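Quick heads-up: it's one chain on its own, the form predicted on its own, in structure tokens.
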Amino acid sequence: MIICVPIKRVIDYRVSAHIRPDADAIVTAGVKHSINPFDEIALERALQERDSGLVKKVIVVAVGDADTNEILRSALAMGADEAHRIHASKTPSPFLTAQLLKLWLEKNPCDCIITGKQAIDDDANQLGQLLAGFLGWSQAMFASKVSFKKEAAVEVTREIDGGLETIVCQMPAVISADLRLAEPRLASLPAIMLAKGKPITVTDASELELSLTEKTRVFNYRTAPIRQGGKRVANLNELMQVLNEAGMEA
């Protein structure tokens, strides 16, 4: 079995993001980037299956420009067998990314896809569902536990609002990783050095014959308002008065 893990380059979660003065974009120049943490969890889970002998190969694929090679080499250092990049001048929306991956997977088939449940930059939580829909595959989102069965099926425990739900999906399937699915390993220094010399296969987005015209547009960015402190009231009448003064009539 071959597992494909789509990964995304995002601003490192330990870095505070800042908005450009024109409010048109987030400052990215000179800012540390890394693999999206949920994608890193997905990669770890795939590597665990490879290490157990059930999976033959784990491949990673990312969409982006040459800077994206940085996270692909990090994935190779963790233990991925192959790294691929679909070249695009900038990272497209989840909708276009899913379409690109679908076309790419038609030429690079796999048996299962494990990806992060969402990217920490846009928090869209769309890629896994869209990709499963485009491929016509089974899907299991928000997985906290995954168990591959010999009868070409996978049992997945999902984290839902009401607690945990266990489902069985027929393969091929798209699985999205939740926070508790795995603890990513740390790459050793020798593995990091070896990863620098490993090949990264690049496919230009134009070769997939898909227009990268976005269907959505972000007009501006703004910071979240500062949360105001609470206020004690003596009774219900005073509470109603405070709410009315704040324009929240009961």
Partner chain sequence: MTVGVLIEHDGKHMKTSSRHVITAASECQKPIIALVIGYQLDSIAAEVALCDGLDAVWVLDHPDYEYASAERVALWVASLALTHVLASANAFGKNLIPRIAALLNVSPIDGVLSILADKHYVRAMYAGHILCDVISDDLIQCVTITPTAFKSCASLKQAVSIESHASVDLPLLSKRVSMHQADSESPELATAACVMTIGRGVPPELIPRIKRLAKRYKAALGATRAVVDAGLLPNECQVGQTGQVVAPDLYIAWGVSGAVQHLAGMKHSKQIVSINKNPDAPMNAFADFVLEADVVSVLSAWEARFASLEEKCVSQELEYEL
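We call the rigid core the largest set of C-alpha positions that still match within 1.5 Å between the two forms. Remember, predicted model here, so these are calculated numbers, not experimental data. Positions refer to the first chain, counted from 1.
Below: the form predicted in complex with the partner chain, not depicted.
Heavy atoms within 4.5 Å of the partner chain in the model of the complex map, among the stretches 192-200, 60-68, 43-51, 215-223, onto 215-223 alone. Among residues of the shown chain, His84 is not one whose heavy atoms approach the partner chain to within 4.5 Å in the model of the complex. The partner chain is not drawn, but in the model of the complex it has no heavy atom within 4.5 Å of Glu106. Proximity of Leu179 to the partner chain in the model of the complex falls within the 4.5 Å heavy atom cutoff.
The partner chain is not drawn, but in the model of the complex it has no heavy atom within 4.5 Å of Ala187. Residues Ile120, Asp121, Asp122, Asp123, Ala124, Asn125, Gln126, Gln129, Leu130, Ala132, Gly133, Phe134 of 120-134 are found to place at least one heavy atom within 4.5 Å of the partner chain in the model of the complex. With the core held fixed, the Cα of Leu236 is displaced between this form and the one not shown by 2 Å or more.
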